[in-house]
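Here we start with a single chain on its own, the form predicted alone, put down as structure tokens.
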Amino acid sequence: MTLAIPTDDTITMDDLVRDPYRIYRRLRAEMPVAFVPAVGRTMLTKAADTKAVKDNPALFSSDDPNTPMKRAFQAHTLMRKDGDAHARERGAMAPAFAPRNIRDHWTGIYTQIAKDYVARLPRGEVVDLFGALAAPYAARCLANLLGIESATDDQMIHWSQSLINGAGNFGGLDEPFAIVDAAHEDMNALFDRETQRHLTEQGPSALSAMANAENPIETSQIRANVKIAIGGGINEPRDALCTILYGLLTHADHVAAVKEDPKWFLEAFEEGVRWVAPIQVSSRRAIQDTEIRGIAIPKDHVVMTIQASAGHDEEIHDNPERYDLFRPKKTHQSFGTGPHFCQGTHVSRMMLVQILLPLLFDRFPNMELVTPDDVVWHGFAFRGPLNLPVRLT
């Protein structure tokens, strides 16, 4: 016997933006499949369910017709496509993310960017690393990877925030859409200029690969691809870096471990994105009637896979709300699973694990997080700290 989807109308958008993990803990225990009117979707908060849905595009389509992403990006992006359509657009950018390019090209460029940006940090002062390092480092690396180097750090940061605010605007507010609409005009103009350059100066960047492909995808989708990368490619490494540093710097034994053996930087990365997933949720539409945990999911009903909650599932992790470098099992779905697994995952690991974290601890071996309680955590669809005051010594 299947049951109707239970509803939790006590949850508000403000609650989810302020402290979603408290809500997910309750839902996992009491109502792991629950319709939440505030977001207009049925939340799935158990790791097994989120993975099963994402791994089965034949039953759960990425095409959520009511997602704010389509309105925010002014396009039907590859994130909302499956099968051949998704593969074609994803494949158009794939050469830029190839392991050989990462090893032979991007690692050197990213290392120099990291050295330049860390070198300008003042020693002995309290610095907000969110704005002084994390965001601009992510922006400059991504501008190079995408082939839009003429975009400034401030432009990249503004565009990224505008796009993710629009894509996460499940409340349908007017202001986030108005801001992102204005950003599109600037982005499209710059993309067009850079595309003309890449037609004569071919290189390993994503835009160059798409512009010079034998059978290029449509211009509108080239733009959409670059915007998808801007939306996720800044906030993911930016928020992951700040989260990791917060986790490490609030545990003296963690700091001692990474300073003694750099192997722990990879563990710090995986635990950071498990603990606070930079991209917290995704949506999928049921293609036919089905059920999850004995609850009927009708055709065309939209479920929201909460990968943030999956990383805190008590069936997998003990004390999941604690950042623990030494946690033996750091299983998470923070970069997705299935066909939509994040294309930039290996780049993010390279940026932080191989380059920036070791460099930062080498230059400032005694840095300390001041007033940890003053760090502000924010966001529902996308989440991370908004500030990170660190004394650089």
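These numbers were taken from a predicted model, which means no experiment stands behind them. We number the residues from 1 along the sequence you see.
Omitted from view is the form predicted in complex with a small molecule, to which the following refers.
Chemist: Give a yes or no for residue 340: in the model of the complex, does one of its heavy atoms lie within 4.5 Å of a heavy atom belonging to the small molecule?
Modeler: Because a heavy atom of residue 340 falls inside 4.5 Å of the small molecule in the model of the complex, the answer is yes.
Chemist: Is it the case that residue 142, even though its partner is missing from this view, gets within 4.5 Å of the small molecule in the model of the complex, heavy atoms only?
Modeler: Residue 142: contacts the small molecule in the model of the complex.
Chemist: Within 4.5 Å, heavy atoms only: does residue 233 come near the small molecule in the model of the complex?
Modeler: Because a heavy atom of residue 233 falls inside 4.5 Å of the small molecule in the model of the complex, the answer is yes.
Chemist: Could you tell me if residue 32 has a non-hydrogen atom within 4.5 Å of the small molecule in the model of the complex?
Modeler: Taking the distances in the model of the complex, the answer for residue 32 is no, it never comes within 4.5 Å of the small molecule.
Chemist: Here the chain is shown alone; which of 210, 156, 79, 183 has a heavy atom within 4.5 Å of the small molecule in the model of the complex?
Modeler: By the 4.5 Å criterion, the partner-contacting residue is 79.
Chemist: Let me know the one among 54, 330, 28, 41 whose heavy atoms come within 4.5 Å of the small molecule in the model of the complex, would you?
Modeler: Contact residue from the list: 54.
Chemist: Of the listed stretches (192-200, 259-267, 212-220, 89-97), which one has a non-hydrogen atom within 4.5 Å of the small molecule in the model of the complex?
Modeler: One stretch meets the cut-off, namely 89-97.
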